[in-house]
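Consider the single chain below, provided in structure tokens and representing the form predicted on its own.
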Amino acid sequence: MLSRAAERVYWAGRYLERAENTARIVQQYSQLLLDLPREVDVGWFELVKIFGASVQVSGSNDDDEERAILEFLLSDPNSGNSLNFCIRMARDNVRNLRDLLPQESWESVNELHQYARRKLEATPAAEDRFEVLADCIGRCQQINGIFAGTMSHESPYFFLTLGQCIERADMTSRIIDVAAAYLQQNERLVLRYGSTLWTNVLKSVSGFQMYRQYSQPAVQGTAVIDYLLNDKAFPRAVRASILHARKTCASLPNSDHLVHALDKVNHVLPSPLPDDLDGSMVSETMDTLQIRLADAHAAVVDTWFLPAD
């Protein structure tokens, strides 16, 4: 398999995963703001922090803040974090891989791109936003289902899966980081609305039902963090994503460098969580985790995408 083809497959997986997660996060954050009373000081700028784009978007209290942030995250064609951009990049990569990927996947990605371009050309109004984002999530899941069900589990599929797993772990860590830091800064939120906030955190990764079914009925901050970091059975938990990536790369040649990098990611995850866990400790752990995930990405690039010395 040519290195440039492997790189395109890897990035197709990353961009599709990023698109789905972006739609999930914006959808649930919009719902969170509807659930919380106006007296609670939770603004749209917290959403920008999840994507690490605080420098690119300046926070304000203007009436235009919601529109500007949603445009940046949904429709901006030049923002690497926007849903529109991620879908377009996924389409470009899949279009150049039509000889390696199932024909149905190209057709579905192209349909998603046409849909997103039409619906996201202008930032969707509040009454349309949930429907548009739900459609984008469903279409991304359909494409992933096509890959999983009709694609031979050989090298192209393994690179696709690596991209999905690394991106998924990174996005989950960002959700935990911002939620934990915000709650830590506002004790009144913890006392009165902590359950609502953490329920929306779980729902942003479609983890609420699985958490209640297999973990515990009470939605409590430390338990939610532990679940999203360390659960091995929930596919969107960080540890489950890393274990899946490690199992996948074992099927690829010369994977020792990446296996070592993924093991270092696992070592960052605290299990069990310490009793004195606080917001600053969570933030520090997530920063280290994101650095280790960046190192894992660099290991993929160095091993398979760059020319050999």
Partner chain sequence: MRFGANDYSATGFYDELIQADGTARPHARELVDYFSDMEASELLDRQRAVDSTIVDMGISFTIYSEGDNIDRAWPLDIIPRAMPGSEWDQVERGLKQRVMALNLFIDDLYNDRRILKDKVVPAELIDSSKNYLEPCKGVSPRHGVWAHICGSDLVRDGDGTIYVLEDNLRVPSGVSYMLENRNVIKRVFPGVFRNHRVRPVSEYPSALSDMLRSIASPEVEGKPEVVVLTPGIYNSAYFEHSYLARTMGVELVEGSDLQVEEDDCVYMRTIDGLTQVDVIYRRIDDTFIDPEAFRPDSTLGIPGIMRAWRAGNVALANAPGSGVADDKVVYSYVPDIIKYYTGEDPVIPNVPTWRCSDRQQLDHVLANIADLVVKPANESGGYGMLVGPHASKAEHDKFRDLLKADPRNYIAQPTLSLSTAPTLCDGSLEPRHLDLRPFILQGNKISVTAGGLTRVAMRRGSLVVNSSQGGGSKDTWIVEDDN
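The structure displayed is predicted, hence computed values, not measured ones. Numbering follows the first chain given and starts at 1.
What comes next is about the form predicted in complex with its partner chain, which does not appear here.
**Student:** Can you check 247-255, 23-31, 273-281, 44-52 and let me know which stretch has heavy atoms within 4.5 Å of its partner chain in the predicted bound form?
**Tutor:** That would be 247-255.
**Student:** I'd like to know if residue 198 sits close to its partner chain in the predicted bound form, meaning any non-hydrogen atom pair within 4.5 angstroms.
**Tutor:** Contact with its partner chain, no.
**Student:** Does its partner chain come within 4.5 Å of any heavy atom of residue 129 in the predicted bound form?
**Tutor:** Judged by the heavy-atom cut-off of 4.5 Å, residue 129 is well away from its partner chain in the predicted bound form.
**Student:** Is the gap between residue 203 and its partner chain in the predicted bound form 4.5 Å or less for some heavy atom pair?
**Tutor:** No, residue 203 sits far enough from its partner chain in the predicted bound form that none of its heavy atoms falls within 4.5 Å.
**Student:** In the predicted bound form, does residue 98 come within 4.5 Å of its partner chain, counting heavy atoms only?
**Tutor:** Residue 98: contacts its partner chain in the predicted bound form.
**Student:** Name the single residue among 142, 222, 155, 215 that comes within 4.5 Å of its partner chain in the predicted bound form, judging by heavy atoms.
**Tutor:** Exactly one listed residue reaches within 4.5 Å, namely 155.
**Student:** With the partner left out here, which residues of 1-25 have a non-hydrogen atom within 4.5 Å of its partner chain in the predicted bound form?
**Tutor:** Sequence-ordered list: 1, 2, 3, 4, 6.
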